[in-house]
Ligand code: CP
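Coming up is one lone chain in C-alpha coordinates, specifically the form predicted alone.
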Amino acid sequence: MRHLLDLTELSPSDLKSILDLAVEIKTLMKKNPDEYRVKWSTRLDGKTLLMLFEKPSLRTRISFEVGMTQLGGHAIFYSIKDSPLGKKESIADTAKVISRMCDIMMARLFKHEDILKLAANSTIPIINALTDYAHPCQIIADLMTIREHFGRTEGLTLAYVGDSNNNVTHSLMIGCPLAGMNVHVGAPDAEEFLPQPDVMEKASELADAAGTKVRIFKDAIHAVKNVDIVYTDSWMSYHIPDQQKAMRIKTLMPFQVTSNLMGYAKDTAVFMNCLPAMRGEEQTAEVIDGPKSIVFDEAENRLHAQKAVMLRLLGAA
(Lines give C-alpha, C1' and ligand atoms only; values in the text may rest on other atoms or scores of the structure.)
Protein backbone atom coordinates (compact mmCIF):
# COMPACT_ATOMS: atom_id res chain seq x y z
CA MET A 1 0.00 0.00 0.00
CA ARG A 2 1.42 3.36 -1.10
CA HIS A 3 -1.72 5.41 -0.38
CA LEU A 4 -5.37 4.76 0.48
CA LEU A 5 -7.33 6.84 -2.02
CA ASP A 6 -10.05 4.40 -3.08
CA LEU A 7 -10.91 0.80 -2.20
CA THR A 8 -10.36 -0.20 -5.83
CA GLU A 9 -6.63 -0.07 -4.99
CA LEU A 10 -7.01 -2.96 -2.53
CA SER A 11 -7.11 -6.68 -3.18
CA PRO A 12 -9.32 -8.94 -1.05
CA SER A 13 -6.21 -10.02 0.88
CA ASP A 14 -5.19 -6.38 1.45
CA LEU A 15 -8.61 -5.61 2.88
CA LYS A 16 -8.63 -8.73 5.03
CA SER A 17 -5.22 -7.92 6.51
CA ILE A 18 -6.37 -4.41 7.45
CA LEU A 19 -9.52 -5.79 9.07
CA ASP A 20 -7.52 -8.46 10.92
CA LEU A 21 -5.16 -5.82 12.27
CA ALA A 22 -7.98 -3.48 13.28
CA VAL A 23 -9.75 -6.27 15.18
CA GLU A 24 -6.49 -7.32 16.86
CA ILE A 25 -5.76 -3.76 18.00
CA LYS A 26 -9.28 -3.15 19.31
CA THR A 27 -9.51 -6.51 21.08
CA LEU A 28 -6.19 -6.06 22.85
CA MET A 29 -6.98 -2.50 23.85
CA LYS A 30 -10.32 -3.55 25.37
CA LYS A 31 -9.18 -6.78 27.05
CA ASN A 32 -5.63 -5.98 28.13
CA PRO A 33 -4.80 -2.25 28.07
CA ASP A 34 -1.38 -2.85 29.64
CA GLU A 35 -0.39 -5.28 26.92
CA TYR A 36 -1.73 -2.86 24.31
CA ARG A 37 0.51 -0.12 25.66
CA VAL A 38 3.55 -2.39 25.49
CA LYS A 39 2.83 -3.59 21.94
CA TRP A 40 1.27 -0.60 20.18
CA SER A 41 1.43 2.67 22.13
CA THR A 42 4.88 3.66 20.82
CA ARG A 43 4.63 2.05 17.39
CA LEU A 44 4.42 5.46 15.65
CA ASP A 45 6.67 7.31 18.07
CA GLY A 46 8.09 10.41 16.40
CA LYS A 47 5.67 10.24 13.44
CA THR A 48 3.46 13.18 12.48
CA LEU A 49 0.09 13.03 10.72
CA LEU A 50 -1.19 16.14 8.96
CA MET A 51 -4.99 16.29 8.84
CA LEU A 52 -6.08 18.48 5.94
CA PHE A 53 -9.75 19.50 6.18
CA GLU A 54 -11.82 21.15 3.49
CA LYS A 55 -15.07 19.57 4.74
CA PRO A 56 -16.08 19.58 8.42
CA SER A 57 -16.14 16.40 10.46
CA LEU A 58 -16.75 14.97 13.93
CA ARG A 59 -15.77 11.30 13.62
CA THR A 60 -12.97 11.78 11.10
CA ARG A 61 -10.97 14.34 13.06
CA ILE A 62 -11.43 12.69 16.44
CA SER A 63 -10.71 9.15 15.23
CA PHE A 64 -7.54 10.09 13.37
CA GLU A 65 -6.20 12.38 16.10
CA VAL A 66 -6.96 9.97 18.93
CA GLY A 67 -5.71 7.05 16.85
CA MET A 68 -2.38 8.73 16.17
CA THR A 69 -2.04 9.58 19.88
CA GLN A 70 -2.80 6.00 20.94
CA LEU A 71 -0.03 4.78 18.62
CA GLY A 72 2.50 7.23 20.04
CA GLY A 73 2.46 9.73 17.18
CA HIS A 74 1.35 13.32 16.77
CA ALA A 75 -1.47 14.82 14.68
CA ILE A 76 -1.83 18.36 13.30
CA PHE A 77 -5.24 19.75 12.32
CA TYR A 78 -5.08 22.10 9.33
CA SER A 79 -8.24 23.71 7.98
CA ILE A 80 -8.20 24.98 4.40
CA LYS A 81 -11.65 26.54 4.72
CA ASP A 82 -10.21 30.05 4.62
CA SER A 83 -7.39 29.20 2.20
CA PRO A 84 -8.89 27.02 -0.55
CA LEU A 85 -6.76 24.15 -1.79
CA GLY A 86 -5.10 24.96 -5.11
CA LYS A 87 -5.94 28.69 -5.02
CA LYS A 88 -3.21 30.66 -3.26
CA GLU A 89 -0.82 27.71 -3.51
CA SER A 90 -1.02 24.88 -6.02
CA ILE A 91 -2.01 21.39 -4.90
CA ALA A 92 1.33 20.07 -6.16
CA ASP A 93 3.29 22.59 -4.08
CA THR A 94 1.12 21.88 -1.03
CA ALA A 95 1.87 18.16 -1.29
CA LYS A 96 5.60 18.74 -1.73
CA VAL A 97 5.83 21.04 1.28
CA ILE A 98 3.89 18.70 3.57
CA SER A 99 6.00 15.76 2.38
CA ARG A 100 9.15 17.56 3.60
CA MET A 101 7.75 18.02 7.12
CA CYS A 102 5.30 15.21 7.93
CA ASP A 103 5.26 11.42 7.72
CA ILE A 104 1.68 10.83 6.58
CA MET A 105 -1.31 12.93 5.52
CA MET A 106 -5.07 12.47 5.55
CA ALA A 107 -7.28 14.80 3.55
CA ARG A 108 -11.04 15.35 3.67
CA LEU A 109 -11.83 17.18 0.45
CA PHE A 110 -14.66 18.07 -1.92
CA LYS A 111 -13.11 16.91 -5.21
CA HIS A 112 -11.66 13.45 -5.68
CA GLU A 113 -9.36 14.80 -8.37
CA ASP A 114 -7.69 16.97 -5.73
CA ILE A 115 -6.68 14.03 -3.57
CA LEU A 116 -5.31 12.29 -6.66
CA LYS A 117 -3.15 15.39 -7.32
CA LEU A 118 -1.95 15.39 -3.72
CA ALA A 119 -0.93 11.75 -3.99
CA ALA A 120 0.78 12.25 -7.35
CA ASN A 121 3.00 14.96 -5.87
CA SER A 122 3.59 13.47 -2.43
CA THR A 123 6.46 11.36 -1.15
CA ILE A 124 4.50 10.36 1.97
CA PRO A 125 1.34 8.21 2.23
CA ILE A 126 -1.97 9.97 1.57
CA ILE A 127 -5.27 8.77 3.08
CA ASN A 128 -8.61 9.73 1.57
CA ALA A 129 -10.72 10.72 4.56
CA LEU A 130 -13.64 11.54 2.21
CA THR A 131 -14.11 13.06 -1.22
CA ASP A 132 -17.21 13.52 -3.36
CA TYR A 133 -16.43 10.15 -5.00
CA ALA A 134 -15.18 7.80 -2.29
CA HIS A 135 -15.06 7.24 1.47
CA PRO A 136 -12.74 4.24 1.95
CA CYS A 137 -12.02 4.74 5.66
CA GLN A 138 -15.73 4.66 6.51
CA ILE A 139 -16.33 1.43 4.63
CA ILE A 140 -13.32 -0.31 6.20
CA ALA A 141 -14.82 0.57 9.60
CA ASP A 142 -18.24 -0.63 8.40
CA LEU A 143 -16.86 -3.98 7.28
CA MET A 144 -15.03 -4.36 10.58
CA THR A 145 -18.32 -3.72 12.40
CA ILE A 146 -20.16 -6.25 10.26
CA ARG A 147 -17.47 -8.87 10.90
CA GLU A 148 -17.64 -8.22 14.65
CA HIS A 149 -21.42 -8.62 14.67
CA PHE A 150 -21.80 -11.64 12.38
CA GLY A 151 -18.41 -13.28 12.84
CA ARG A 152 -17.77 -13.01 9.11
CA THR A 153 -18.42 -10.90 6.04
CA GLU A 154 -18.46 -13.66 3.43
CA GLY A 155 -21.88 -14.63 2.12
CA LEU A 156 -23.74 -11.74 3.73
CA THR A 157 -25.94 -9.27 1.83
CA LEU A 158 -26.04 -5.53 2.49
CA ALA A 159 -28.81 -3.29 1.18
CA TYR A 160 -28.18 0.42 0.83
CA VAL A 161 -31.35 2.48 0.36
CA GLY A 162 -31.82 6.17 -0.39
CA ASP A 163 -29.69 8.66 -2.28
CA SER A 164 -27.10 6.39 -3.89
CA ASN A 165 -25.07 8.88 -5.91
CA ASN A 166 -22.58 9.50 -3.14
CA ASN A 167 -19.21 8.50 -1.76
CA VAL A 168 -20.54 6.03 0.83
CA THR A 169 -22.60 4.05 -1.67
CA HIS A 170 -19.72 4.02 -4.16
CA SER A 171 -17.27 2.67 -1.60
CA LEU A 172 -19.77 0.13 -0.24
CA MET A 173 -20.27 -1.19 -3.78
CA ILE A 174 -16.51 -1.73 -4.05
CA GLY A 175 -15.74 -2.83 -0.51
CA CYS A 176 -18.52 -5.37 -0.08
CA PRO A 177 -17.48 -7.59 -3.04
CA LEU A 178 -13.86 -7.39 -1.84
CA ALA A 179 -15.11 -8.75 1.49
CA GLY A 180 -17.19 -11.49 -0.18
CA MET A 181 -20.54 -9.76 0.29
CA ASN A 182 -23.53 -9.11 -1.96
CA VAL A 183 -24.79 -5.54 -2.39
CA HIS A 184 -28.31 -4.32 -3.10
CA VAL A 185 -28.88 -0.65 -3.89
CA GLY A 186 -32.40 0.76 -3.67
CA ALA A 187 -32.85 4.25 -5.09
CA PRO A 188 -35.19 6.36 -7.23
CA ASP A 189 -34.84 5.59 -10.92
CA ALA A 190 -33.15 8.89 -11.81
CA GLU A 191 -29.54 9.62 -12.69
CA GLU A 192 -29.05 12.09 -9.85
CA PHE A 193 -29.86 9.40 -7.25
CA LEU A 194 -28.08 6.40 -8.78
CA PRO A 195 -24.43 5.33 -8.39
CA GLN A 196 -22.08 6.58 -11.08
CA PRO A 197 -21.73 4.22 -14.08
CA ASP A 198 -18.00 3.61 -13.64
CA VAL A 199 -18.61 2.49 -10.05
CA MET A 200 -21.35 0.10 -11.14
CA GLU A 201 -19.04 -1.34 -13.79
CA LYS A 202 -16.13 -1.83 -11.38
CA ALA A 203 -18.40 -3.24 -8.66
CA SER A 204 -19.84 -5.77 -11.11
CA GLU A 205 -16.31 -6.86 -12.10
CA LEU A 206 -15.31 -7.35 -8.48
CA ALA A 207 -18.54 -9.20 -7.70
CA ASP A 208 -18.01 -11.55 -10.64
CA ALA A 209 -14.49 -12.28 -9.42
CA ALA A 210 -15.76 -12.89 -5.86
CA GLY A 211 -18.83 -14.89 -6.86
CA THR A 212 -21.14 -12.30 -5.31
CA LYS A 213 -23.87 -10.03 -6.70
CA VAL A 214 -24.36 -6.27 -7.06
CA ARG A 215 -27.96 -5.38 -7.88
CA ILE A 216 -29.87 -2.11 -8.34
CA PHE A 217 -33.54 -1.88 -7.29
CA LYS A 218 -36.13 0.81 -7.96
CA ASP A 219 -37.94 0.28 -4.68
CA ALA A 220 -36.85 -0.18 -1.09
CA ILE A 221 -38.83 -3.32 -0.23
CA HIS A 222 -37.26 -5.46 -2.94
CA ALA A 223 -33.83 -4.06 -2.08
CA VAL A 224 -34.00 -5.07 1.60
CA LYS A 225 -35.89 -8.35 1.27
CA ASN A 226 -34.02 -11.08 3.18
CA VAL A 227 -30.80 -9.06 3.56
CA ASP A 228 -28.49 -9.12 6.59
CA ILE A 229 -27.68 -5.41 6.80
CA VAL A 230 -29.80 -2.36 5.97
CA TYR A 231 -27.71 0.78 5.45
CA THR A 232 -28.63 4.38 4.70
CA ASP A 233 -27.01 7.81 4.69
CA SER A 234 -27.96 11.48 4.56
CA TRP A 235 -30.29 12.73 1.83
CA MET A 236 -28.55 16.11 1.92
CA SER A 237 -24.84 15.70 1.21
CA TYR A 238 -22.54 18.70 1.68
CA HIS A 239 -22.64 19.78 -1.95
CA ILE A 240 -26.46 19.82 -2.26
CA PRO A 241 -28.10 23.28 -2.04
CA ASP A 242 -30.61 23.76 0.80
CA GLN A 243 -33.29 24.85 -1.66
CA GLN A 244 -33.43 21.28 -3.00
CA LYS A 245 -34.25 19.79 0.40
CA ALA A 246 -38.06 19.72 0.10
CA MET A 247 -37.94 18.13 -3.35
CA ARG A 248 -35.37 15.53 -2.29
CA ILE A 249 -37.28 14.55 0.84
CA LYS A 250 -40.44 14.05 -1.20
CA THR A 251 -38.60 11.90 -3.77
CA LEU A 252 -36.64 9.86 -1.24
CA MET A 253 -39.33 9.33 1.41
CA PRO A 254 -40.35 5.94 -0.11
CA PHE A 255 -36.78 4.83 0.73
CA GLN A 256 -36.87 5.93 4.37
CA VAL A 257 -35.79 3.11 6.69
CA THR A 258 -38.71 2.43 9.00
CA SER A 259 -39.49 -0.47 11.31
CA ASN A 260 -41.87 -1.72 8.64
CA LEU A 261 -39.10 -1.72 6.01
CA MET A 262 -36.70 -3.45 8.42
CA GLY A 263 -39.32 -6.17 8.73
CA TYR A 264 -38.63 -7.28 5.15
CA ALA A 265 -34.99 -8.00 6.02
CA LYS A 266 -33.93 -11.11 7.94
CA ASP A 267 -34.95 -11.35 11.60
CA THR A 268 -31.26 -11.12 12.47
CA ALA A 269 -30.68 -8.03 10.30
CA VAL A 270 -28.93 -4.94 11.65
CA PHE A 271 -29.21 -1.27 10.76
CA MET A 272 -26.26 0.95 9.85
CA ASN A 273 -25.74 4.64 9.13
CA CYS A 274 -22.29 6.24 8.92
CA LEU A 275 -23.59 9.35 10.72
CA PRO A 276 -24.50 12.14 11.05
CA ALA A 277 -28.12 11.04 10.88
CA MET A 278 -31.36 12.98 10.60
CA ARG A 279 -34.15 11.24 12.43
CA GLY A 280 -37.36 11.56 10.45
CA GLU A 281 -35.53 11.77 7.12
CA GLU A 282 -33.37 8.86 5.91
CA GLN A 283 -34.50 6.77 8.88
CA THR A 284 -36.94 7.01 11.75
CA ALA A 285 -35.83 7.49 15.34
CA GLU A 286 -37.41 4.13 16.16
CA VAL A 287 -34.93 2.39 13.85
CA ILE A 288 -31.68 4.23 14.60
CA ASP A 289 -32.31 4.21 18.35
CA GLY A 290 -33.71 0.67 18.34
CA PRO A 291 -32.18 -2.73 19.19
CA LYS A 292 -31.14 -3.53 15.61
CA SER A 293 -29.03 -0.39 15.25
CA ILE A 294 -25.24 -0.76 15.43
CA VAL A 295 -24.44 2.79 14.31
CA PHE A 296 -22.35 3.67 17.37
CA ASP A 297 -20.27 0.49 17.11
CA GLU A 298 -19.74 1.59 13.52
CA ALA A 299 -18.66 5.07 14.64
CA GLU A 300 -16.24 3.73 17.26
CA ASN A 301 -14.62 1.40 14.75
CA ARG A 302 -13.45 4.37 12.69
CA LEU A 303 -10.77 4.75 15.40
CA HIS A 304 -9.50 1.18 15.22
CA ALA A 305 -9.78 0.77 11.46
CA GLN A 306 -7.84 3.98 10.81
CA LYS A 307 -5.11 2.97 13.22
CA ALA A 308 -4.70 -0.20 11.15
CA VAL A 309 -4.56 1.83 7.92
CA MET A 310 -1.91 4.20 9.28
CA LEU A 311 0.19 1.34 10.61
CA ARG A 312 0.07 -0.42 7.24
CA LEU A 313 0.93 2.70 5.25
CA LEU A 314 3.85 3.56 7.54
CA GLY A 315 5.20 0.00 7.53
CA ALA A 316 4.70 -0.31 11.27
CA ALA A 317 2.14 -3.12 11.37
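In case it trips you up, residue 1 is the first one in the sequence shown, and so on. Just so we're clear, the structure is a prediction, and the values are computed from it rather than from any experiment.
Quick note: we don't show the form predicted together with this ligand, though the next part is all about it.
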- Item | Residue stretch of 43 to 51, 274 to 282, 258 to 266, 24 to 32 approaching this ligand in the predicted bound form, non-hydrogen atom distance within 4.5 Å | 274 to 282
- Going by a heavy atom distance of 4.5 Å, is residue 238 a contact of this ligand in the predicted bound form? yes
- Message: Although the partner isn't part of this model, could you tell me whether residue 290 comes within 4.5 Å of this ligand in the predicted bound form, counting any heavy atom of the residue?
- Response: no
- Query: in the predicted bound form, does residue 164 have a heavy atom within 4.5 Å of this ligand?
  - Reply: no
- Does at least one non-hydrogen atom of residue 138 fall within 4.5 angstroms of this ligand in the predicted bound form? yes
- Item | All of 72, 304 and 307 within 4.5 Å of this ligand in the predicted bound form, heavy atom check | no
- Query: Within 87 to 117, which residues come within 4.5 Å of this ligand in the predicted bound form, counting heavy atoms only?
  - Reply: 108
